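The form predicted on its own is given below as one chain in C-alpha cells.
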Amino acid sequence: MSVRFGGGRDRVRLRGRVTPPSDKSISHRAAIVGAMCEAPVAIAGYLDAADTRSTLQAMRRLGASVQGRDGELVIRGVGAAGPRCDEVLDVGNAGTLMRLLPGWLASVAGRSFALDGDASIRRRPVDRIALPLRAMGARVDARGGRFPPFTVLGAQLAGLDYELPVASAQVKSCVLLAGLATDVTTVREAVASRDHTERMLLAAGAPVGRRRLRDGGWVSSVGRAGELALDRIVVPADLSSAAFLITAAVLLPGAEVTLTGVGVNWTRSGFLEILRRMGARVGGELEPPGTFAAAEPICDLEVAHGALTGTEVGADEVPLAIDELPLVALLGCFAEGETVVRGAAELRVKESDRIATVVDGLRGLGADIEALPDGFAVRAAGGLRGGRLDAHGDHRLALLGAVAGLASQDGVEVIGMEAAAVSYPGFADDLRALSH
C-alpha cells in the first residue's frame, strides 16, 4: 500500500493535544512478566498493534490466560507450573519478543520450545542471546547457527557474569529473565540501555539490583526469585512513537503540539536531549539520569517549531535513542551545519538495515547524506525535495517517510505504509486530529 504525505503549497499546521500509542517495549514486557506470575495481573494501556498482539498470542500458547480489550487486560499466568507449548511459537515481526522470551523458556528444564517469525524476523540474528543462554546451560539450535527459526531446550541454569559485547536492552533482558532461575546472574554494559525489565521485575518482587560503575558502565543483577506478583501495570505512551509527531512539530512552521502521558524513562529519552541540543523547543520534565525505581516516569511534552543546528551523537548516547536515530537523520536535513551519528552499528540488525535504508531513502528525497560503518553523516541541504520512499517492511521507516513528506517541498509517496501498523496503527488518525 502506498500513501502520499505532504506536497502542494499549503502545508499542514500541527496544533493541539494527542496521546500517542502505548509503549511497545513495556507492553511486551508486561505480557511476559504477567504470564510468569500465577495471580492475575491487570495491565492498563497495553498497546494494540501487530507486534504486541504476537506477544499476547505467544503467552496464550504457553498456557497463560489473557482477557480484556481496548488495552485493558488481565493476564493469569502459569506461575510455578511453567510454560508449555507443543507447537511453534510465531513471534511475527516482534524482535523484542524473539529476544526476550527465550530467557524465560531456557529456565524450564527438559522442555523444548520452537520459535519462528515472518520474513523480516528470519533475517535478524539470535546468536547474541544464544551465546549467554548456552553459557548458562541451555541449548539453543538456530538456522545456520544465527537465525530463526530456532529451538530452545531448557535446563537447570547456572548463574552467569556476562559482559554485553554491544549495549542491547533486549539481550540484557533475556539474560536477566533466565537469571531468575539462578543464584546470581549479572549483566555488565559499557553504557546504559533501557531498564524497563529491571524496573518491572523489581515491582514484581524479584531480587534486582542496578548500579553504575566508576568507569561509567552499568551492572544489572538478579537472583533466584520466588513467586512473582504484580497487581497492576500501567503502560505509558510510547516515546518512540511520539518521536514522529515530535519531529513533525519541530519541522513544520506554526506547529504547537502537546503529547500527553508520555513515558520519559531516562534510559530512552536520549532523543529529547539530542533535540534540545539541536535547538528544538521541547518542554517537559524528564527523569534525571541515573534514576532506578520500579515506577516508570510519565509527563506531557510540549513541542513547537524552531530553527535547528547540527550535532554529533556518540556511542554513549546511542542506546538511549536507538529507535529514534533515523529521525535524527531527517532532522539533520533541515538543520544548519552537519549532523553525525556514530557507534550505532546496532541499527544494521533491526527490522531492516536501518543505516542503509535510511540513507538510501533520504538521499532519494534530496538529502545530502552518507552512510558510515556505524552511523551516518548529514549535511544541510535546505530541507528535502520529496519523491518516493520504500519502507522495506520496516514500521519506523514507513513513519519516517510520512514525516519527511509533511516537511518536504513536494511531498513523499511512502511505499509499504501498512508496515506502520506494527507500532503505530493510529498514526494517520492522530495526524488528522492535529492538522489545521
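Everything quoted here is computed from the prediction, not taken from an experiment. Note that residue numbering begins at 1 and tracks the sequence as displayed.
The protein also exists as the form predicted in complex with a small molecule; that form is not presented, and the subsequent description refers to it.
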| property | result |
| --- | --- |
| Close approach of R194 to the small molecule in the predicted complex, 4.5 Å, heavy atom | yes |
| I322, heavy atom within 4.5 angstroms of the small molecule in the predicted complex | yes |
| R128, heavy atom within 4.5 angstroms of the small molecule in the predicted complex | yes |
| Partner proximity in the predicted complex: S220 to the small molecule, non-hydrogen atom cutoff 4.5 Å | no |
| Interface stretch in the predicted complex with the small molecule - options 277-285, 179-187, 161-169, 356-364, non-hydrogen atom within 4.5 Å | 161-169 |
| The single option of S107, S269, N93, T96 touching the small molecule in the predicted complex, heavy atom within 4.5 Å | T96 |
